[in-house]
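Given as structure tokens, the chain that follows is alone and in the form predicted alone.
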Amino acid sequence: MSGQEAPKKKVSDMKRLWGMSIDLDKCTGCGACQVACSQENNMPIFEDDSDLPKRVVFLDLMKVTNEMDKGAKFGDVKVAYLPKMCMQCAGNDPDNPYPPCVSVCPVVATDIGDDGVVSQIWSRCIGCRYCQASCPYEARVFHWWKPVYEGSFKEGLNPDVSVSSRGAVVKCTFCSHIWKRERDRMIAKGITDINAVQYTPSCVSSCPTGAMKFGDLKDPRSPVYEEKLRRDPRAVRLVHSIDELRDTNPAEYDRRMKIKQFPNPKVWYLTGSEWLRKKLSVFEKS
């Protein structure tokens, strides 16, 4: 036989595909998710949180409003709050995921796992920031300065998460260390099936209104079952205008999918407000 054989597809025991949904109509902007995320992942505290070059967070709480829209009038101004973190992109083909950030990393400091989570290894990162430039959601942050933990704050550091050093890119990993901790507990009980391991990221468990849901995108019993989310008229994905074409113009949808790589995020937002869906998805510009 001439030529080389095609590489065999990786076989994995992992059947889960983790994803998240955030109901923006329930989000009050309290910031509990951001605080929980920072504490869980050993984020440093800065004196001035508005100093963007120094600020390092995995989860940003953004204020979205229509007050600058053309024709906006007093009394019609609306406000919503948007928790934004790494979208855990898959690219056009979920069976062969190819997120924009992973494809540009020269040292494999970031990769995508069989469970769909995009990892980031702080100690392997060389600080080139290619991944940061390629991320369409600005979800990656760079440590310009050495993280400082003052006073008793050091005593509260999470031993399951390594502290990043200056010069490294960091980001949300859906609290994958919690999954590993739960896996170890299951193994200690004699349960070795990794698909039996369930967990909840810190942001989701801290949400007081239940706006944030987490689970398996492929499981019909999951609160974030993706097939159900795709049919939900309230569902929208951030800066992903191609989603609208799937139903309104399938031919154009297929054409674009063949010529361009889209991020295909695993985080879905839910809202009944049309103005907010348009702003998040950029539907109006598609």
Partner chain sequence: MEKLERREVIMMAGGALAGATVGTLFSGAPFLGLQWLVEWTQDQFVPAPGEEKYLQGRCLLCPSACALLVRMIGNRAVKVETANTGCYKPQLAIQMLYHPERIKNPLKRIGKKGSGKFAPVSWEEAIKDIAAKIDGLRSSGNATRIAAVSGSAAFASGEILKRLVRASGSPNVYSEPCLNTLSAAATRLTQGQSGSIYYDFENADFILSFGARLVEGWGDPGRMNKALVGWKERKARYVQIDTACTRSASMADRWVPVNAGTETVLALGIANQLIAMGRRSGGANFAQWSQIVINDYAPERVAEITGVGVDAIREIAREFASARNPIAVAGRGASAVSSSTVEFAAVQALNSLAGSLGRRGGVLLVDYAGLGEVAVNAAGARGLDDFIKNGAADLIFINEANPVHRSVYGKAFAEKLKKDTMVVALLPLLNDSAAYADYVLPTISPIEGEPVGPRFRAMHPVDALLAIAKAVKGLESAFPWTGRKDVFSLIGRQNVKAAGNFTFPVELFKAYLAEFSKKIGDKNYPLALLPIEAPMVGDGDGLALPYVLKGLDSVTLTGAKLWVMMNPETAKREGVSEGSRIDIESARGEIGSVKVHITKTIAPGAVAIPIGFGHEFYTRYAEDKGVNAKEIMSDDIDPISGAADWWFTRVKIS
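Worth saying up front: this structure is predicted, and the values here are computed from it rather than measured. Heads up, when I say rigid core I mean the largest set of C-alphas that superpose within 1.5 Å between the two forms. Numbering follows the first chain given and starts at 1.
What follows is about the form predicted together with its partner chain, which we do not show.
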query: Three-residue site Ser176, Lys180 and Lys189 fully in contact with its partner chain in the model of the complex at 4.5 Å by heavy atom; finding: no
query: Heavy atom of Asp160 within 4.5 Å of its partner chain in the model of the complex; finding: yes
query: Glu244, heavy atom within 4.5 angstroms of its partner chain in the model of the complex; finding: no
query: Close approach of Ser202 to its partner chain in the model of the complex, 4.5 Å, heavy atom; finding: yes
query: Distance check, Leu17 to its partner chain in the model of the complex, heavy atom within 4.5 Å; finding: no
query: Among 129-137, 93-101, 143-151, 107-115, the region lying within 4.5 Å of its partner chain in the model of the complex by heavy atom distance; finding: 143-151
query: Residues in 41-62 with any heavy atom within 4.5 Å of its partner chain in the model of the complex; finding: Asn42, Met43, Pro44, Ile45, Phe46, Glu47, Asp48, Asp49, Ser50, Leu52, Arg55, Val56, Val57
query: Residue shift check between the shown form and the other one, rigid core fit, Asp232 Cα at least 2 Å; finding: no
